[in-house]
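Just the one chain here, the form predicted on its own, laid out as structure tokens.
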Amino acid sequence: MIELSNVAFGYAEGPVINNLNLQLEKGSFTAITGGNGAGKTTMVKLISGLLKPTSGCVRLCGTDTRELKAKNRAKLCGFLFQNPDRQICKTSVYDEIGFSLSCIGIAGGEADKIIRETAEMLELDTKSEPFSLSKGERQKVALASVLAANPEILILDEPTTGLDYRECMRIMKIVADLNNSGTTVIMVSHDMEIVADFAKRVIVFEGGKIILDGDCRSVLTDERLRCISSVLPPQAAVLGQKLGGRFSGLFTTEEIISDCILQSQCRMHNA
């Protein structure tokens, strides 16, 4: 569904992405992580078509992003910016959500229904002024605008920024449900607990290059991770490795808790 072939891109200061080759399958959930300035955001902007490669080719569903019109890109690919203030452009939550629908030609009663359903899903007041809300709430407004258009590909650049734990889990559950329904998700994140809980594939970036790529568990427990990047594995995985024994293969807090409950039940049964 997404293919990058020999892609390079740079700014005036110099190259950021060099000879990047990557394929992402339809319905996948991929987390992109790595140190600051590694090229993560540049890469997802190239995928979305917001940036065009200096050389090489980026294809969405077989079409070069250079050939996709903005309206068609908006239908195909939704992008949530790390900073919602760079995305919000309307003076009410209702109009902000509706703006993305107008970009893909949805208006009238159909648009009104989608706006209200999306706002309700994210617990947003459609009458509120976005810039009177907290940063976390503005992040939810920007996300609502993206989700309303129901894109085939959902790109999230640090989607949990400014959110408390409850809000974070609520949003990620929505994203996970969309992924389970067939939406392709690409998420840039430094939060390894979120990555471990939701991503199926993890790509680690450093210096504009992919240095690790594989299923979530194998990448985040790879001993090389701490040596070659600024990314730390999830705390639960580190704890499991330190405890050793039966805990060494455990990866998340839920897995450790479940193991402890199971062992306790076994001891009670044997007693």
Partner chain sequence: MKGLLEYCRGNSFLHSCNPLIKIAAAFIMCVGCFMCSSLIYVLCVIGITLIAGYSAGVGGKVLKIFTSLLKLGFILLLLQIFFISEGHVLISLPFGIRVTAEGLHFCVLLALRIAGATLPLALMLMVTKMSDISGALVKKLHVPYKYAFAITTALRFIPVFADEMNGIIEAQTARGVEFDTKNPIKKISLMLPLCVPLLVSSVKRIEDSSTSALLRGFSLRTYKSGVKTYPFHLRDAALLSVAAVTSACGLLIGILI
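This is a predicted model, so every value here is computed, not measured. Positions refer to the first chain, counted from 1.
There is another form of this protein, the form predicted in complex with its partner chain, and it is not shown here; the text below is about that form.
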Worksheet item: So which of Cys103, Ala176, Met121, Ala111 reaches within 4.5 angstroms of its partner chain in the predicted complex, heavy atom to heavy atom?
Response: Cys103
Worksheet entry | One residue of Leu154, Leu143, Val188, Ile88 in contact with its partner chain, assessed in the predicted complex (non-hydrogen atom, 4.5 angstroms) | Ile88
Discussion item. So in the predicted complex, is its partner chain close enough to Lys69 to count as touching (4.5 Å, heavy atoms)?
Written reply: yes
Discussion item. How about Ala74 - does it come within 4.5 Å of its partner chain in the predicted complex, if we only consider non-hydrogen atoms?
Written reply: yes
Discussion item. Lys45 versus its partner chain, in the predicted complex: is there a non-hydrogen atom within 4.5 Å?
Written reply: yes
Discussion item. Since only the chain is shown here, I'm wondering whether Leu50 would be in contact with its partner chain in the predicted complex (any heavy atom pair within 4.5 Å).
Written reply: yes
